[in-house]
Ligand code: ADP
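Just one chain is shown here, as structure tokens, and it is the form predicted alone.
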């Protein structure tokens, strides 16, 4: 058997992709949209708002109902008995709270009824806070203060204490509902919860997803005692073990064998978060390659050899499922800023591209809206320059500024990037792609990946089960458009970067 199943539990859907390791083809894929197909949960976009400001939750029973629907569809499309191994992805930071019934119940699921009917009495908390929840500022400050400040949290965990991260969410639950917290035997992430259901036993949390909790010490990849104690009482007793992402979690739960026809020998490998899986699914498994996704926000992520943290706390460090670590850096001034530039001059996208192709010695700070990396408000000087400009070449100056900012604020990684994989809508713009090639002095490939997290999970199942090296796996499943590769032009990389740094320093002085 050479078929491998990748699952992705995202905010709005549960998706699956089955790949063939011999041909390198995608055999089939499907997805269940929570809002459209499970309207009874009253979550049109996969989540609901809590009673307090900033609280956002999902119902884990909705995820279980989606799993039953998804596997029924897959069974109708292909012989699931031919799937040799399964791996998965889950939206990062989401936490699932389970009572003492879970371990025995999940091990003896009744295939005559749904997963939700089997497990509905196993939750000590009915709803799961997800990555969108930003209600834990107080808890973040309490955790940071307890361990000596946010720089200590950063040094240990790879990120400052962040509202959406699991640790602050757990602390808030322990404070506001101490009885329910006491009745919680196991706290899973979305990824490890789904993996536990698939295997029929409590499975570990991998280093990639575990790093998104503000609880794991990056350098040892173990739970950090200081952070645990700062977060909630007896937390270590409620957390699964940590493990590497290529660890085998077990074999498939008999429920899925009896109900959907899986082979009882089907192996299951530890699930990870959506960002680590997307790194794999976009071809960024190994150091030297960066993945840049150009969307509403632009995202930069890349494999790292060493657990080095961003000293400014703008970027995050997670475990890389292929081994080692990975960075993730988000830039809010992405496509929204590019659209502002286009609209200022009343251009269509073709004319916009022509404006970018102009050369200029000047650079503009690209912060037309509030930025995350670095954390600055919209630059009034930049807004004024754009408003007063009558020359379209200013568009080029802003676009160069976007990617010089990205280069500058990824230098802390200490990795030489010589290959960039571009995804997202704006990646198809040749002029933008060429600027990225020039700024990073790197070769460019472009991908159109519909579900990089599910593909990454399926690739991880194939790699772990077959014990194949990552270069071979990448060559089979990462298929850039042959006619869309670019090489860097002659470009004053260091001079332009120094100009940008000077502008940045003047802005923040």
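Numbering follows the first chain given and starts at 1. This is a predicted model, so every value here is computed, not measured.
Absent from the display: the form predicted together with this ligand. The rest refers to it.
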Heavy atom within 4.5 Å of this ligand in the predicted complex, from candidates 335, 185, 251, 118, belongs to 335
State the residue from 148, 233, 414, 295 whose non-hydrogen atoms include one within 4.5 Å of this ligand in the predicted complex.
295
So, 349, 429 and 432: all three within 4.5 Å of this ligand in the predicted complex by heavy atoms, or not?
yes
Taking the shortest heavy atom distance, is residue 339 within 4.5 Å of this ligand in the predicted complex?
yes
Is there a heavy atom of residue 425 lying 4.5 Å or less from a heavy atom of this ligand in the predicted complex?
yes
Among 358-366, 108-116, 295-303, 75-83, which stretch has residues whose heavy atoms lie within 4.5 Å of this ligand in the predicted complex?
295-303
